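Shown here is one chain on its own, the form predicted on its own, set out as structure tokens.
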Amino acid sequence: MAENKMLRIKDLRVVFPVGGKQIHAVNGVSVDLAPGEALGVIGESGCGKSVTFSSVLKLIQSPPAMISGDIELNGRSIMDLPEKEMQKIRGKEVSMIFQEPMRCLNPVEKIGVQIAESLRLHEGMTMKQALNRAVELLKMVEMPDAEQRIGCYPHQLSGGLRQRAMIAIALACSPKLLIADEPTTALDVTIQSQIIRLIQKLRKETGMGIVFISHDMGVVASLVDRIAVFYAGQIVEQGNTRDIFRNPLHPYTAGLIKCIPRLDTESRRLYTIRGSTPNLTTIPEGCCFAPRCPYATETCRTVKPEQTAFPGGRSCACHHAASLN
């Protein structure tokens, strides 16, 4: 019997035509998620993380984008679903928390009304029922004075409270999968910690699966079961969180871990990965990371590494993964 998976992404490719060129934003990504599992998606800005998981909700307009591969939710392919069918999935089966709440919340609608909208659409509630449920949801996400906050507009809330409102909207219809796209990036460190603890608590209480997208390895360390490391539109390493932190197989993963500030070292200089991310208008002939990699050889520069399986359910796309570890 095939292993039960809530989400399967198979060889996903997303290309954007821009100014007569093609930007290969996602280049052959394959990843899956079991029910109740938490997956951390890590990588620098522009590496294809958000585009990949926005594609799960079909938020990437095609055309103009050229999208190929397959995405399955609970065994059902969604690639060719019409928009009317996708509207039944968004917010009900899969919800998404975005990085900047002020860009996603309606500035002229009260918070309570915005939460109620999803409940009325998917659950058939009256406005009174939906607003009562909105108060319960705001309490669930630890919003202070929830009864009063439903009457607030987004600009009347702090950044942390707006993010809690976004989470309440995402959880309104009890989705089985929550995609959190860098939900703590615009918040200060104290509020970041509160939001992470809140997501941990909600996951434990609801049993939902989570995809947590971030550029910061430290942020996801205690939150997720597995990690998928993105680079230049590809996944270069996947594996159990503890295994990846203890023994990264890919030089890029190792570099990201070294970039995490530490207090148990005498060095005052933060580690940086040399160079910059590649231009995605052209797909390099060999390994995308080769120009920045301290271990690169001629083979790395001319032959693209394939995903290789390692013990413990790990995989890595590096010619030297076995010899470097």
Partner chain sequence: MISYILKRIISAVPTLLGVFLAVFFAVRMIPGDPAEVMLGANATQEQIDIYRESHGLNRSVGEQLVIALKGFATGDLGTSVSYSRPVSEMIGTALPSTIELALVGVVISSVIAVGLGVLAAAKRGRWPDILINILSTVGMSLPTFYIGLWVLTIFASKLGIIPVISNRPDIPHYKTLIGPVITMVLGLTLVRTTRSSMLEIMEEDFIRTAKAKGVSRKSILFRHALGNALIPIITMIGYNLASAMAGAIVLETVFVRNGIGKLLIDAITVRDYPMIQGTALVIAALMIAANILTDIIVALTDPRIRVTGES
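Positions refer to the first chain, counted from 1. Worth saying up front: this structure is predicted, and the values here are computed from it rather than measured.
There is another form of this protein, the form predicted together with its partner chain, and it is not shown here; the text below is about that form.
Answer yes if any heavy atom of H215 is within 4.5 Å of a heavy atom of its partner chain in the predicted complex; otherwise answer no.
-> So H215 does not count as contacting its partner chain.
Taking heavy atoms only, is Q114 within 4.5 angstroms of its partner chain in the predicted complex?
-> It does: once its partner chain is placed as it appears in the predicted complex, Q114 has a heavy atom within 4.5 Å of it.
Wondering, does S276 line up within 4.5 Å of its partner chain in the predicted complex on heavy atoms?
-> S276: no contact with its partner chain in the predicted complex.
So in the predicted complex, does R292 come within 4.5 Å of its partner chain, heavy atom to heavy atom?
-> Flag for R292 set to no.
Using a 4.5 Å cut on heavy atoms, which of M66, I260, L59, A34 is close to its partner chain in the predicted complex?
-> Answer to the contact question: L59.
Would you mind picking the one in K128, R246, R103, K204 that has a heavy atom within 4.5 Å of its partner chain in the predicted complex?
-> Of the listed residues, the single hit is R103.
Just one of 36-44, 51-59, 23-31, 292-300 has residues with a heavy atom within 4.5 Å of its partner chain in the predicted complex, so point it out.
-> Every other range fails; the passing one is 51-59.
Please state whether all three residues G91, V108 and C152 have a non-hydrogen atom within 4.5 angstroms of its partner chain in the predicted complex.
-> Yes.
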